[in-house]
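Form predicted on its own, single chain, as structure tokens, below.
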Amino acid sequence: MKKYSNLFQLSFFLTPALVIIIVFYLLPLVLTVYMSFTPIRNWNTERYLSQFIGSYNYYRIYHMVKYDPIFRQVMINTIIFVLITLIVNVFGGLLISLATYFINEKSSSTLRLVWLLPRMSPIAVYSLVWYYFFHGSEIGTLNSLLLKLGIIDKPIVLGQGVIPWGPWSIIVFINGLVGVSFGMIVFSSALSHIPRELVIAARVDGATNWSISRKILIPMIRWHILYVFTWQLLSLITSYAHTFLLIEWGLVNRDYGTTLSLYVFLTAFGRGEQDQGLAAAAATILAIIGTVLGFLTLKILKFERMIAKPRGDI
């Protein structure tokens, strides 16, 4: 009887979460996969949704990867954006958390609050701030400062430069600040639960902050590092909101700013001819890539060892 009671309680608490996952995740995914096998365009569901064209949309993507330099640039943008921003997000959040761990509580709380501002700001407001900061004229905060200091004699159009590192640096910087704040929250919470006695004992033995961080703090929050790494990886693969606004406002060059997730959005909802069938195929591939990368990340970082039952009696 107790077994069924526990099962009922478990079902009671899990059902709302399962309903949300099914309605907002699984059903859209199934619909996306189905649409990828149809020629649907301009959201003309009555005409196209019942037509089945097999893997033609996937063949189109293969053809673009092989012959279309614009789409190949999209893939390069995605790889560079995800890899560099992921490094900034994880190690930036970890560095800030460790730095604030060794100072007094009042100062550390203030610093963490400052780093939380990007996370708390609406996407449009946050993007607008950096739009004016990096603007390629005298009204841009960065250009105005450099002109007054005499470092440059004319404004730098960083986001529309002929070299890709200008647009890439802006996109990574803006998205990186948001990701750093997320990692900082998780890492700071994890560090606060580490017994202070361990740090005090290490201090008595003459350990430096770096030694304490490397040999005590970081090993004890490896689970949280794995979580942030995996979460940020999957999040960056599908992230496009800030980049979309910066491109629409003309700050960042579209050729070097468009990632695969943004390409999916623009193909399905952009101006002019909308090709939802092609966008659905690209989105399906993106979902497969995210699933594979998430699995490999957990495997490489030995997730199963972290959740394994401890050996012996405790």
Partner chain sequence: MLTDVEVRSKKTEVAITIAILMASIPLFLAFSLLVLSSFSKEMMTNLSLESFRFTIENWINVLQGKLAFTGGIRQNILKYTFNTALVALGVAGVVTLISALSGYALSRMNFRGRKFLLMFLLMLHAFPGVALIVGVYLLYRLSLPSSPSLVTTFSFMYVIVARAALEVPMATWLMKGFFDSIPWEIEWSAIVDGASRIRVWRKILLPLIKPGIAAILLFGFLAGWQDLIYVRTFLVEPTLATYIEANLEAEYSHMPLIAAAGTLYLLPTIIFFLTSQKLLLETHSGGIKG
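This structure is a prediction, so every number in the text was calculated from the model and none was measured. Residue numbers count along the first chain shown, from 1. Definition used throughout: the rigid core is the maximal C-alpha set that superposes within 1.5 Å between two forms.
There is also a form predicted together with its partner chain; it is not shown, and the following applies to it.
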Residue among Leu177, Leu94, Leu86, Ile170 with a heavy atom within 4.5 Å of its partner chain in the predicted bound form: Leu177
Decide if the three candidate residues Pro16, Thr100 and Ser189 all line its partner chain in the predicted bound form, where lining means a heavy atom within 4.5 Å. yes
In the predicted bound form, is there a heavy atom of its partner chain that lies within 4.5 Å of any heavy atom of Asp153, even though the partner is absent here? no
Taking its partner chain as it sits in the predicted bound form, is Phe71 in contact with it (heavy atom to heavy atom, 4.5 Å or less)? no
I'd like to check something about Tyr126: if you look in the predicted bound form, is any of its heavy atoms closer than or equal to 4.5 Å to a heavy atom of its partner chain? yes
Quick one: is Ile80 in contact with its partner chain in the predicted bound form, heavy atoms, 4.5 Å cut-off? no
Just one of 72 to 80, 86 to 94, 134 to 142, 153 to 161 has residues with a heavy atom within 4.5 Å of its partner chain in the predicted bound form, so point it out. 134 to 142
Any residue of 229 to 262 that, in the predicted bound form, places a heavy atom within 4.5 Å of its partner chain: Trp231, Leu234, Thr238, Tyr240, Ala241, Phe244, Leu245, Glu248, Trp249, Ser261
Quick one: once the rigid core is lined up, does Ile61 have its C-alpha move by 2 Å or more between this form and the one not shown? no
Relative to the superposed rigid core, does Leu266 relocate between this form and the one not shown - that is, does its Cα move 2 Å or more? no
Aligned on the rigid core, do the two forms place the Cα of Lys148 2 Å or more apart, comparing between this form and the one not shown? yes
One pair moves by 3 angstroms or more in the predicted bound form: the C-alpha atoms of Leu234 and Ala17, which are farther
Direction of Cα pair change Ser192-Ile300 in the predicted bound form, magnitude 3 angstroms or more: closer
